[in-house]
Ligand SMILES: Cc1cc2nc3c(=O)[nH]c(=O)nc-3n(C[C@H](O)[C@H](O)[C@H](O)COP(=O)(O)O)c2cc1C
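What follows is a single chain, given as structure tokens, in the form predicted on its own.
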């Protein structure tokens, strides 16, 4: 295989499971800034493309009530706000891409666009926005005192949100609008700064993003939903998408996203498709398997059911464990990706779904073995799916340490990753030096003032 892989490191804004491991009580906590700055420095030193921080306002609920196991065992419960970390992480790194998750259900476009433009300035063009409609939507809706919006309507709102955001980023400032001319006292040319007028189905606005253009102008756009509506949003706007499933399902999803991107006029290679992969590395395959089995045995079925409820809103423990999940579960207005993957003619039983979540959560089976063995497995997955790389999930015990110190060198030895990251911006890391801004084929480019004048 000659393809060079994109490697991102996944981390939620939550406490790692080491808090309840004997002898690890003094580990740095997720509320310590040094925990995050050390992680960013380590990722950069290893040469990964970006560090990705997941986020959600939600937590596991059923019937409008928080699940006690979520609190007791910290199942998708305690978090901090990753957006607040970005300035600090930018200040201790120089090349590492930084990607954060902001929900289109919670934050409005003027807030999102100003935050990301500011951070893109402070990082020198290394910011990415992971566009989501949110996890644990039932809890988030209760938290904000709003009704739970139907699943497909959330994606329609996300489309409207991204369109308005792109208008702000691409349409407000012409490339030469900012003057900063002390001789004439001119900050910017008023004729080249434009008000945005938008009257969409969910958002209306008339105004200007007052923060001048940053190195990327628009942050690199990511997306992580694998439902049909999620894949359509990704094909329209995303530059990278994260997917988690088994090989055959991944191949089908990736082919579908590439087909949709092509139909949107962007080309089949416009979206980097990244597999959410967990790497369990040890000195032998037997040791890796034993460690993984010990990890599984430490998780109860109640824990697994709580995790499943967080992503789907479905209470598996209320169903017949020895039958398949009913097709009606797909009508949930919470997340559908992790419902749809367990439906169909070969659907597993509910008990098997719980066992899958005990073993692998939402991420699919881990790669197990020595560094050489896990890289062999990863290459086989790339070849079977036509994916572009991995969003690496932290090992529950060691975090990212073993991947960075043992797997990255093996990937580099085989020529599967870049020796140096191209360019200085995150978009260049993904697509090559000189590709700092959205390509002309992206729908955001249509909102540039020069293009609007051509259309007028």
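What you see is a predicted model; the values in this text were computed from it and never measured. Positions refer to the first chain, counted from 1.
Another form exists, predicted in complex with this ligand; not displayed. Remarks below refer to it.
In the model of the complex, residue 128 stays away from this ligand, with no heavy atom inside 4.5 Å.
None of the heavy atoms of residue 220 is located within 4.5 Å of this ligand in the model of the complex. Taking the partner from the other structure, this ligand in the model of the complex has a heavy atom within 4.5 Å of a heavy atom of residue 56.
Using a 4.5 Å cutoff between non-hydrogen atoms, residue 226 counts as a contact of this ligand in the model of the complex.
Annotated contact segment (heavy atom within 4.5 Å of this ligand in the model of the complex): 129 to 137, selected among 232 to 240, 67 to 75, 129 to 137, 278 to 286.
With the partner omitted from this view, the residue of 260, 151, 341, 358 that lies near this ligand in the model of the complex is 151 [heavy atom within 4.5 Å]. Among the residues 113, 101, 79, 95, the one placing a heavy atom within 4.5 Å of this ligand in the model of the complex is 101. With contact defined as any non-hydrogen atom lying within 4.5 angstroms of this ligand in the model of the complex, the stretch 187 to 205 contains no contacting residue.
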